[in-house]
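Single chain ahead, by itself, as structure tokens, in the form predicted on its own.
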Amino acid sequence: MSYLEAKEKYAALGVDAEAAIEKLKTVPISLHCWQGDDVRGFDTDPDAPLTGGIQTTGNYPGRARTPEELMADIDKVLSLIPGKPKLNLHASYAIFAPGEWSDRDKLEPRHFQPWVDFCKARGLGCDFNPTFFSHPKCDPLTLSSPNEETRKFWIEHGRACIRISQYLAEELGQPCTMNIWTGDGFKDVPADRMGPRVRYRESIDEILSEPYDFKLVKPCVESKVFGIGVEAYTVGSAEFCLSYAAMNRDKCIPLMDNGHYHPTEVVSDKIPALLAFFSEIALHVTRPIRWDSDHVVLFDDETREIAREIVRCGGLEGRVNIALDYFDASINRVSAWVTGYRNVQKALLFALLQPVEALKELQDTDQFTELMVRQEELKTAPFGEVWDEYCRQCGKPRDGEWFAEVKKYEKEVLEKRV
């Protein structure tokens, strides 16, 4: 079937395929830098173990070891994904001049000037994350630590990251979503659950007391149900983070990671619940298998349902900030990046090709039999042809064309990294 035939079929369903394509071209999605180097960063010993609930599995050859290698890999990814990507950085990816180093509480915007230059040359915006893990001052707590010196160090790190986020937004002309997540918690049953949460709340208050333009910098608080080494108790639970965002909606927004909930919970259902109260939210899209295992995003049921809720709720009108968050060291890292990014875009295009208003009308008029029939028939509509056309219009390879480029890059570049 040709694209023109597919377009006609969607038109018969009340959907403008060309409008869906044009809309998707405008949707920013953040590409996470840490897939390329297994969350190592450049500010600590590259051979030191990851800590704070972070862990990668696998040792596929070709991991980026320097800023130059990571940027080269990101360039390869950008050549293979359509749409409007942003970059997403962690603070641990600061780039220092030769002979220079600053600890995380002393990071400055200039340490991210090379990333600004990189983004400007490619027309990218940039999101940002303080790095509250893999550092000697994780004791193992950070913002919730009872040790005042430890807590002060991490508060100053968060404040520095506010300043860096403001710098990124001003330099690149796009808002910067700055996500606050820590792995604070305990391996076994705690004696005090309240104390760490009160300290955590007060620490975030101090971080957000740093001046910033809320139109340019979007601080987020991200929850988690549990992590490696904090199986019994997580300070930043869903209830804590959602309550904090609700009480401080003039200066931060909630962020949901679809791997950070109990296995039977789904973020797709939470999106409309939050958008009923918040003007703006943020998402980290990943693929958990039984727990927060951060597998490469697939074009699966929950990813499609997340995308449908974003579209249904008007989330593409600046209400939902979308980013990827996974890291797989067991397969080609460039392929992992490209696969996940294209699948999020596929899910959004699939959602844009739904006759949303017609389906809502069937629900509101109690026509549930027809609603089920229409929803099932839409699953076999000629979506693939529209996706191929979207890739063609963006000047990027279609499915079946890009993986050969990854294999060539692996042979010519990645295999030579020893």
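Residue numbers here begin at 1 and follow the sequence given. Because the structure is predicted, anything quoted here is derived from the model rather than measured.
This next part talks about the form predicted in complex with a small molecule, which is not shown.
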Site test, K84, F299 and W337 vs the small molecule in the model of the complex, non-hydrogen atom cutoff 4.5 Å: no
W34 within 4.5 Å of the small molecule in the model of the complex, heavy atoms: yes
Contact of D292 with the small molecule in the model of the complex (heavy atom, 4.5 Å): yes
N179, heavy atom within 4.5 angstroms of the small molecule in the model of the complex: yes
Contact flag, H260 vs the small molecule in the model of the complex, heavy atom cut 4.5 Å: yes
Stretch in contact, per heavy atom within 4.5 angstroms of the small molecule in the model of the complex, of 68-76, 319-327, 273-281, 244-252: 319-327
Listed residue (H111, K346, R308, K224) with a non-hydrogen atom within 4.5 angstroms of the small molecule in the model of the complex: K224
The single option of H135, K218, H90, H157 touching the small molecule in the model of the complex, heavy atom within 4.5 Å: H90
